[in-house]
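Shown next as structure tokens: one chain only, the form predicted on its own.
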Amino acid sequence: MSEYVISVNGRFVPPGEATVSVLDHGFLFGDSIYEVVRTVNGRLFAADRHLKRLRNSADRLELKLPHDDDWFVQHLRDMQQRRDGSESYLRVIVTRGEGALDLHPGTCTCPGVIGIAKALPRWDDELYAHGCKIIVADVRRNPKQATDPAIKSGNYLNNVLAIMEARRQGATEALMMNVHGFLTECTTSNVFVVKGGVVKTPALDQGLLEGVTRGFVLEVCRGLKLPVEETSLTADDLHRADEVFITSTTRDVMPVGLVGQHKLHSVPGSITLRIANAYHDVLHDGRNHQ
């Protein structure tokens, strides 16, 4: 059995037979959007929040989605059912579609929909027990006035360059600053710092994607009566932090042990553990499953 389940425009095909036109603007120009939904106990988790963000991305690009949310939910379920029964990572990509070799998308009349399913990645237990390493990348996050990071698009070269920088330094993730020197987000995760009992994370106006897991963690913090701030943060805030952790659909809540060569003393910290345990309860309580 292949590692992947693939669909193209609603039709499931063997990975070796999955094709996209070379004139698809998603391929030519990165003119596409996507979302990743995970399963918990075989059911979709927070699909409604992911599809809402997919529609927001589409609206920002003036890209008309070819299906309604019910279709996408059912297709995600079909992708999961075609796998081997383990928890799934389910990616849906919507491309601008085939058109003339021209930047303007006016000739693209039929958006493409691609589905990719694989096993949900399992991160090493060591990363949760002793914390991962992140770096503050030299690569800066795209400014909102360019390709707004709030759009979850297929144009990911900014993130590719940053994660390459991280891997060269033996790090799990690269945290990017904006052009003004304030922290934004990592390549595929959001960052939180804890100082003096206060949980802080970069505000959306700093130029970052509104992470779905980030949103749940903010809700968890409020439920735990933890002071929480969405604010502007610098690299110095990382080094002065009592605790640091990152969040994403596949990582959940992952503590950070090293920022570059700076070692954090509380890993995983008590507040990070409280948040991680509370988020685990959210994952499994069934209220956000479809």
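Quick note: we count residues from 1 along the sequence shown, nothing fancier. Since this is a predicted model, take the numbers as computed values, not measurements.
Below, we refer to the form predicted in complex with a small molecule, which is not included among the displayed structures.
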Problem - The unique member of Q80, N178, T95, T187 whose heavy atoms fall within 4.5 Å of the small molecule in the predicted bound form - result: T187
Completion exercise
As a check of understanding, the residue in T247, S32, S57, T39 with any heavy atom within 4.5 Å of the small molecule in the predicted bound form should be identified as T247
Problem - One stretch from 49-57, 231-239, 63-71, 260-268 that, in the predicted bound form, holds residues within 4.5 Å of the small molecule by heavy atom - result: 49-57
Practice task
Indicate whether the small molecule has at least one heavy atom within 4.5 Å of a heavy atom of A171 in the predicted bound form.
Solution key: no
Exercise for the section: Look up in the predicted bound form whether Y128 has a non-hydrogen atom within 4.5 angstroms of the small molecule, and give yes or no. Expected result: no
Handout entry: Any non-hydrogen atom of G207 within 4.5 angstroms of the small molecule in the predicted bound form
Key = no
Practice task
Evaluate S88 for contact with the small molecule in the predicted bound form, applying a 4.5 angstroms cut-off between non-hydrogen atoms, and reply yes or no.
Solution key: no
